[in-house]
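Shown here is one chain on its own, the form predicted alone, set out as structure tokens.
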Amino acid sequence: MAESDQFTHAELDLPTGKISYLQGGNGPSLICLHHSWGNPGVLELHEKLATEFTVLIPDMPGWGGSERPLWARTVRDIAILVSHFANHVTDSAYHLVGFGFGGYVAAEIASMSESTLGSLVLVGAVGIQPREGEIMDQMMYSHRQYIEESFRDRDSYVSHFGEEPPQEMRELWDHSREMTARVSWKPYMFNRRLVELLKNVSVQTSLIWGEHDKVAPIDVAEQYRDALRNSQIHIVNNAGHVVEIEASGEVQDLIVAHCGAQLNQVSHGG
């Protein structure tokens, strides 16, 4: 898991297993949940957010350096474990940002314990079945092909990962795919009950989607918006599923504006 001068590595030992995470910055707590292909470490976006927040980037249980819960069979199992992690590493309500699969986990957390959330940001989140089309099935592609399809085009992929990703990255993807299959295989990457459960959630939510997202169709964002009564969609032009990599500056601005607005509301007694 890549680090930076701004971030340090730590581990939390829970009875259900060790959770590895990176932490950096100062300010209100903001937890970032990674894609299904694992935690790539500190991204440019994380470093930018660390100027405003205390950013925590866990390897979700079963991914990366965190211990694998062999009993886990659903995304909700992972959401429960991540909630326990958050309760141990934060002292008050925290901001939760989920990317792709991490957005699915974040939505499940909100459906169970929104009182712990200061705000919610779902970036290209899966978790809801599209009414048209489908969520791209990564099991039908090689690791490299699936990640490439997550970018707006091949040139963008190559500019960030190169023609052939390093061995460490390929090993991370392989390890992550096995855990992803354990908890999200049937049905693949969605929960038929989630839309109904989210109707009770009132936390302020920002839905950030890349214009050219080929993994999670925009209809998924629209269903999240319809279910979450205090939500709005932001479409980022010229970006794919990994919008946080391809347009880190714009995503940073959207997250800071959203989370900052919730902080101001709380400070003024809203």
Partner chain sequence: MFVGYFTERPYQDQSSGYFGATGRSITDLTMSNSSYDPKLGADLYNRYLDEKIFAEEMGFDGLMLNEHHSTPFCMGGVMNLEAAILARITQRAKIVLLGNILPIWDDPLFLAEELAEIDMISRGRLVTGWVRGTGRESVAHNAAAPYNWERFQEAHDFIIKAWTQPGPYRWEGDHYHFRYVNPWARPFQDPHPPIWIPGVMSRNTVAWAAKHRYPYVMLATELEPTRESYEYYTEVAKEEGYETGTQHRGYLFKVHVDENEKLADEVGRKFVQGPSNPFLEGNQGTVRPFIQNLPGLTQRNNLLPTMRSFAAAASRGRAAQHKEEAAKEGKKVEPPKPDKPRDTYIDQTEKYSIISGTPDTVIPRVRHVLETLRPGSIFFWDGDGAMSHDDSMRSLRLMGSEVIPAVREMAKELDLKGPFEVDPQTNKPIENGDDTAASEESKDAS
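Small disclaimer: the values here were computed from a predicted structure and weren't measured. Residue numbers count along the first chain shown, from 1.
The next section is about a form of this same protein that is not shown, the form predicted together with its partner chain.
Undergrad: Of these, 141 to 149, 106 to 114, 120 to 128, 191 to 199, which stretch puts a heavy atom within 4.5 angstroms of its partner chain in the predicted complex?
TA: Careful reading of the contacts points to 141 to 149.
Undergrad: Could you tell me which one of Arg154, His88, Arg73, His160 places a heavy atom within 4.5 Å of its partner chain in the predicted complex?
TA: Among Arg154, His88, Arg73, His160, a heavy atom within 4.5 Å of its partner chain in the predicted complex occurs only for Arg73.
Undergrad: So, His84 and its partner chain: in the predicted complex, are they within 4.5 Å at any heavy atom pair?
TA: Taking the distances in the predicted complex, the answer for His84 is no, it never comes within 4.5 Å of its partner chain.
Undergrad: Using the partner position in the predicted complex, report whether Glu178 sits within 4.5 Å of its partner chain, counting heavy atoms only.
TA: Yes - in the predicted complex, heavy atoms of Glu178 and its partner chain come within 4.5 Å of each other.
Undergrad: Whether Asp174 contacts its partner chain in the predicted complex should be assessed with a 4.5 Å heavy atom distance threshold; does it?
TA: Looking in the predicted complex, residue contacts with its partner chain include Asp174, since a heavy atom lies within 4.5 Å.
Undergrad: Hey, which residues along 182 to 198 are within 4.5 angstroms of its partner chain in the predicted complex, non-hydrogen atoms only?
TA: Contacts from 182 to 198: Arg182, Trp185, Lys186.
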